[in-house]
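Coming up is one lone chain in structure tokens, specifically the form predicted alone.
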Amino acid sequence: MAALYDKFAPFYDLEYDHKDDDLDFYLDLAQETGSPVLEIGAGTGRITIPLAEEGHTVWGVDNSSQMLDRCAGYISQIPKKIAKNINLVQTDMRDFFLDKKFPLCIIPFRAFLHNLTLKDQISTLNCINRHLLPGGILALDLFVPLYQVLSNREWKDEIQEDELAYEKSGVSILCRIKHDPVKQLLNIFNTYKQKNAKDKTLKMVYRYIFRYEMELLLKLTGFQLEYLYGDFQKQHYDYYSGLSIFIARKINE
């Protein structure tokens, strides 16, 4: 898996730094399970750093050196007694080894969907399973593949400058999405329109997953589904909410 987010790193916080709807959910879960916490797709530390600020030891895994460099920059600005509890590891979620077992692994903000094949999905889940303590918890959130959206083969969206995290950034985003229903892929082309620089177009890909498909993946890789939520307030799963949040427990060996 290539380091997809290396090129997105300069724009990532601009687009997502104000996202916090999932933060309390993952903080509460970590409080229930205890430390250390394994985070897959740590990125620039949006959840990693708040976990450490709450007293948790965190191991943040990401395959993008550029995203982790930015995360390290933010960590350098927090008190050392908090920063020392954060361990950043550049590696592939499908195949990594940490000489440590965890009571909790989280994969926030649909990062699991960057596994683009069945083999990738199973490899990632198996790798996580090996790093969890007996009875350990895996939590991840996905977007729901809504039929009214997936009936289209191509569509566009625009994010205006005032919708982004930072005011007066001089950037807006044009998103073009091409849907491949055979492979369950969304090919997303983001054009970052910059007032003071050339426009830049970058591509990311998601392989979307349906509810029972995800449940079967978990079962195949040694997990038992405990909860399925439709939002971060722990409401029952509702297809039309657009979110599916899976909480699964490692089956004891």
Ligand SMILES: C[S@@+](CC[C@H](N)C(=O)[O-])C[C@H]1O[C@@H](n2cnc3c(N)ncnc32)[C@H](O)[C@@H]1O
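The first residue of the shown sequence is 1; numbering continues from there. The shown structure was predicted, so the numbers you read here are calculated from the model rather than taken from an experiment.
The discussion below concerns the form predicted in complex with the named molecule, not included here.
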Non-hydrogen atom contact D92 with the named molecule in the predicted bound form at 4.5 angstroms: yes
Contact flag, R70 vs the named molecule in the predicted bound form, heavy atom cut 4.5 Å: no
Y12, heavy atom within 4.5 angstroms of the named molecule in the predicted bound form: yes
4.5 angstroms heavy atom contact with the named molecule in the predicted bound form for H114: yes
Which of 212-220, 42-50, 184-192, 29-37 lines the interface with the named molecule in the predicted bound form (heavy atom within 4.5 Å): 42-50
